[in-house]
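First, one chain by itself: the form predicted on its own, in structure tokens.
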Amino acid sequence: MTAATAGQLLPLLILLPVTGATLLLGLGRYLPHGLAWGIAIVTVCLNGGAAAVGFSMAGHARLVGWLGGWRPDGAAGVVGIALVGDRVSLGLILVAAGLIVAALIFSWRYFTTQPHHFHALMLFFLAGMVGFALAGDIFTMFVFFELMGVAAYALTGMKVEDPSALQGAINFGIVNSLGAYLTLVGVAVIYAHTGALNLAQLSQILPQQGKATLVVGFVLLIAGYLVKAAIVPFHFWLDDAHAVAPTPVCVLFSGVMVELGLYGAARVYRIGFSSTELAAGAHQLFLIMGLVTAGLGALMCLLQRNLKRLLAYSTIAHLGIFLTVLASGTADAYGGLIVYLIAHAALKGALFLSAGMILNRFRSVDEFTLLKRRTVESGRDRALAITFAIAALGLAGVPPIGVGLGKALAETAMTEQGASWAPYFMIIISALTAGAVLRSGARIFLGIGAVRDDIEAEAMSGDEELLEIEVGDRVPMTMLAPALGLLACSFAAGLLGRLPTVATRMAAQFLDIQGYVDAVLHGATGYRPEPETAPSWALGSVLTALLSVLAAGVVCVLSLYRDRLPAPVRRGAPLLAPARVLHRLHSGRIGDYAVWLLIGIGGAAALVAV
């Protein structure tokens, strides 16, 4: 099969899950639970297999397809609908498919009535993610962005008997819809001034546009993507949605959906705007927002007692690191980011599945409540505790898990570009987030520490979380196995010797704007000379990773035994005052979140325009 033929088959990657979802909605009520579940699993596996074939072929040339044969002919206002498959977009589809398989296995016993609704929504969610990753124009990106969002809102509110689930879904839907409307206005602004929607066309037209058009169009266009990526100050919906969504859905939210938001912003910027006069401003915007997001997410992570909210803020902190690396703009840094992202998706999936098992086994996800109980009573409880602990250490970067390798590659590349602060920044953020997760594990499984009455007690409790399924005294293997599988994937990301080289080449192809334009508009095949072999683990990266793990351990111990510190230190802790301010800012009121969204848009426009 040639690359041209494979490109024409790209729509099948979208049609396959849509067909499966439609089948389940139409016939699901008449099918046995096992058969409906099997249809969903087989559909996702077929989709993942097809994406794997495409990923292999995209190693030689980009796959380009035009829906319905519509393609731009050079005349103003004539647009086509392009799908572009390179190894980054197809790799994201593979990650999404893998996480959905794990989530579906975990949810085998979840729903006793109407389970086909859940399976159908998961397939629609996959179709939206696939379409968004492959879209080659800004309007098609918006369409699939909305399909992905609608499925996500419905999945968040699956527990309709729980008022908090409905409130979380409504908050999620309103904030993300506001972001989507801004993106649609950005699409209209760009089209009104250029007559083009295709990214490859825009890369040639936008450099001739005025700065005002560029600023307004760029900021509005990426607003929705940054909301979806939960970048500060657009992040307020994320912890509410994670706290109330079913556990299998949280796996997808933290593992791939928010990362797709960053992918959208990076794709639009690199292809459409990086050759314009906005390049320096956009770099500054990504860098500042990344640093602020990482810092705020890490601090809020430390202040949580609800395990699912804690993990959600950990995701926000790591997304801040991702955005900071994206600002660097080098293939080596992007290559490290790809390794980091794969391993982080697997680890965060394992941690959320562990949180779901803790909820269903011990009826709470509140650290303080679980601290008072004896929570390790059987072999599977110990397996759950070990899985949780290893995943937490993996977040800190412990070798040989891939997060440490990805961070090391990105740190090295950024340092070579003059960002000598990058290793310290990543160590601090990783230590704070992993330390918070380790503290939770120590309280829940080891009963270490004491119930506190300070700022941690002011955080939202995890006792309101409704039991998702009755599992009795024994965690089912159908829940434990997917978490162990994801943990194994995070190890594989660090141990596959060729992965850093493949990731760096994927990044170089992602950054090759002219190659993208030639492939989409002129049918060119092949890539420019690819980067040399990228390094894997080195002594320096191992030592840096171990330092990060040590720092996480210190954060964990200080969090557990803060009451034993000298009184002046406890009372005068410099972070307590800003921490209380942050608590108040995360009010849960949708009006506040909308105001912050507008403030963020204004700030982003100012940063880009300066």
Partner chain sequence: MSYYPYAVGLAIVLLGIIGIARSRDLVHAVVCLSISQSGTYVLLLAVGFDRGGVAPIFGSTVSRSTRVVDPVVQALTLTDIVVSAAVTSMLLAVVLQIAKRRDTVDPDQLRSLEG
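As the structure is a prediction and not an experimental result, all values here were calculated from the model. Residue numbers count along the first chain shown, from 1.
Keep in mind that the form predicted in complex with its partner chain is not shown, yet the notes after this line are about it.
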The one option of Ile513, Leu182, Val292, Leu480 with any heavy atom within 4.5 Å of its partner chain in the predicted bound form is Leu182
Assert contact residue (its partner chain, in the predicted bound form, non-hydrogen atom within 4.5 Å, options Arg309, Arg270, Arg361, Arg87) equals Arg309
Only one of 296-304, 389-397, 535-543, 484-492 has residues with a heavy atom within 4.5 Å of its partner chain in the predicted bound form, and that stretch is 296-304
- Item | Contact label in the predicted bound form: Asp381 to its partner chain, heavy atom within 4.5 Å | no
At 4.5 Å between heavy atoms, is Gln209 in contact with its partner chain in the predicted bound form? no
Margin query: So in the predicted bound form, is its partner chain close enough to Asp240 to count as touching (4.5 Å, heavy atoms)?
Written below: yes
Taking any heavy atom pair closer than or equal to 4.5 Å as contact, tell me whether Gly588 reaches its partner chain in the predicted bound form.
yes
Residues in 134-161 that come within 4.5 Å of its partner chain in the predicted bound form by at least one heavy atom, in order, are Phe139, Phe142, Val143, Glu146, Val150, Tyr153, Ala154, Val160, Glu161
